[in-house]
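The chain below stands alone and is given in structure tokens; this is the form predicted on its own.
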């Protein structure tokens, strides 16, 4: 029976000693196995994972490794479990924890900063200067579940209390897994200025972050909100989530179309969510002078950038990592208030034992999959 010293449990929510979990072997190789249920330390809780969404970054990590960093190197063959966009129920409390109770439904952020470095003290814990330095002594450094420590493709995980967001009982498990995705979009808009009411916004790329970027921008009062992309079904989904205009870049020039929609003036903000090689240059030409670009995706290869255009036009470029500055709390508040319906991007659900098939659906966009969710129970 699970009863580690100093950890509070509740007989009404029994926790086993071992759990089912997927472990990464060689690149692309996942093994369904049994692992010990982890033990929470000070300021940590044990979360019973109820659902976990698949992110494009999970696919990258499983196939190639980065940006996961386990024991100072690539994550392969280290008994490591990936997955980071999960929600669940608090099942046990580490020493001194009274901020949450056993049975609380929560969704989670990925990153818990070290709390000691310059960036963490600024609230930029997703840019913690001790990223990846928590192996061997997890209390010392930053931890990012599913990147530097075990993640959510399992039945239980340990989370720092700073990474937990309570969710309403009315919010489904599937919707709760999307809070991090919405939080990433919210973080991007926070960095671009936060108060975007009445400002014009372009979102490039109708993937999950881009689609919820449309929803969050619209909920914050941006106008107009323009979505560009290549897939007609995704663009239509963007209209459902609040886009005022959509541009299919296979049918018209994206820059010309955007500028035409705003009377040739250019827009105030661009959120780049595609990772396409020329996206940053196109974003720069969509903007008015003094406009801002947020980079929320990353190309697979280095790309040339027209820096002279950015300088001449006083354009600001921001890169974001994850869901920083407590943006998930703001995103969850909007979702709780039904300011937008994030469930529109949830398309498929699989049980935990069928994770490889769920990953295939997400990777190959089978049946036009957008957000695929795995349920543990």
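Numbering follows the first chain given and starts at 1. Here the structure is a predicted model, which means the values were calculated and not measured.
A second form of this protein, the form predicted in complex with another copy of the chain, is not displayed here; the remarks below concern that form.
Given that the partner is absent here, state which listed stretch (197 to 205, 171 to 179, 246 to 254, 150 to 158) has heavy atoms within 4.5 Å of another copy of the chain in the predicted bound form. Checking each option against the 4.5 Å cut-off leaves 197 to 205.
Using a 4.5 Å heavy atom cut-off, state whether residue 141 contacts another copy of the chain in the predicted bound form. Looking in the predicted bound form, residue contacts with another copy of the chain include residue 141, since a heavy atom lies within 4.5 Å.
Please run the contact check for residue 314 against another copy of the chain in the predicted bound form: heavy atoms, 4.5 angstroms, yes or no? Contact check for residue 314: yes, within 4.5 Å of another copy of the chain in the predicted bound form.
Proximity of residue 260 to another copy of the chain in the predicted bound form, heavy atoms at 4.5 Å: Contact with another copy of the chain, no.
Check residue 191 for me: does it contact another copy of the chain in the predicted bound form (non-hydrogen atoms, 4.5 angstroms)? Residue 191: contacts another copy of the chain in the predicted bound form.
I need to confirm a contact call. Of 167, 129, 235, 102, which residue comes within 4.5 Å of another copy of the chain in the predicted bound form, counting heavy atoms only? Contact check passes for 129.
Residues in 315 to 336 with any heavy atom within 4.5 Å of another copy of the chain in the predicted bound form: The stretch 315 to 336, when checked against another copy of the chain in the predicted bound form, contributes 315, 316, 317, 318, 319, 320, 321, 326, 329, 330, 333, 334 at the 4.5 Å heavy-atom cut-off.
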